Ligand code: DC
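Just one chain follows, in the form predicted on its own, and it is written as structure tokens.
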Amino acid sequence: MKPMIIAVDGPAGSGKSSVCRGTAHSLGWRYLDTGAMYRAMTWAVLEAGIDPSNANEVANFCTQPKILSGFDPQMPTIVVDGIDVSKAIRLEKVTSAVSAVSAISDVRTLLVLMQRQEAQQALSDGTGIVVEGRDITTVVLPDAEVKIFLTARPEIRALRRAKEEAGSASATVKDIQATREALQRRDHLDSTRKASPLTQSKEAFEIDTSDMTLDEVIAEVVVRAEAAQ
């Protein structure tokens, strides 16, 4: 298959990370988690003692951290100023602050530029890349050959995320309800922000993953890529 860009958007819990990693691995391509980049920036902001809601301070600071993404779909990494923060960026303190940092236009401008550079570098190196996020098909890579929008029913998304956060195959009803409420807040913030809001591109093929296995969703994305040859 010729090198190309597969751009995947969708809300949290829709299966983006698993699907994108699996697709990249099956094709032998690179994988880029843009959400991890925003989380890494948020981690850096918090480490610097800056209030994530202080847009001016965050904007002035955002060019300082050096963020490097790993592209191995089986072992994705994210490094800030030489520190591997792959686990740290998944902590609750980062999760609760990432929407505020992501909404700042200076941050988005900087990271979007980095994301475009990484995608173009992959093609220049003769390989394809699967890029996941919330504004990839609409803002970051609107000319991507394949555009996918993953979604799932709210209760399914909440169950998946609650299990993921619990680190096991089970989660309590209380966990699931709290996770669903958190996802609703995140969806609202991401969909209503002025800078690159979460929205579905008219050109993106929608896949509802609610009742599909991971392998089925990956196979569907690969089919879309094959059709774009």
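Please read all numbers here as calculations on a predicted model, not as lab measurements. Note that residue numbering follows the sequence shown and begins at 1.
Heads up, the form predicted together with 2'-deoxycytidine-5'-monophosphate isn't pictured, but that's what we're talking about next.
Residues with any non-hydrogen atom within 4.5 angstroms of 2'-deoxycytidine-5'-monophosphate in the model of the complex fall in just one of 44 to 52, 22 to 30, 182 to 190, 64 to 72: 182 to 190. With a 4.5 Å cutoff on heavy atoms, residue 163 does not count as touching 2'-deoxycytidine-5'-monophosphate in the model of the complex; it lies far away. 2'-deoxycytidine-5'-monophosphate is not shown here, and in the model of the complex it never comes within 4.5 Å of any heavy atom of residue 151. In the model of the complex, 2'-deoxycytidine-5'-monophosphate sits beyond 4.5 Å of every heavy atom of residue 130. Taking the partner from the other structure, 2'-deoxycytidine-5'-monophosphate in the model of the complex has a heavy atom within 4.5 Å of a heavy atom of residue 98.
Contact annotation for 69 to 93: a single residue, 90, has a non-hydrogen atom within 4.5 angstroms of 2'-deoxycytidine-5'-monophosphate in the model of the complex.
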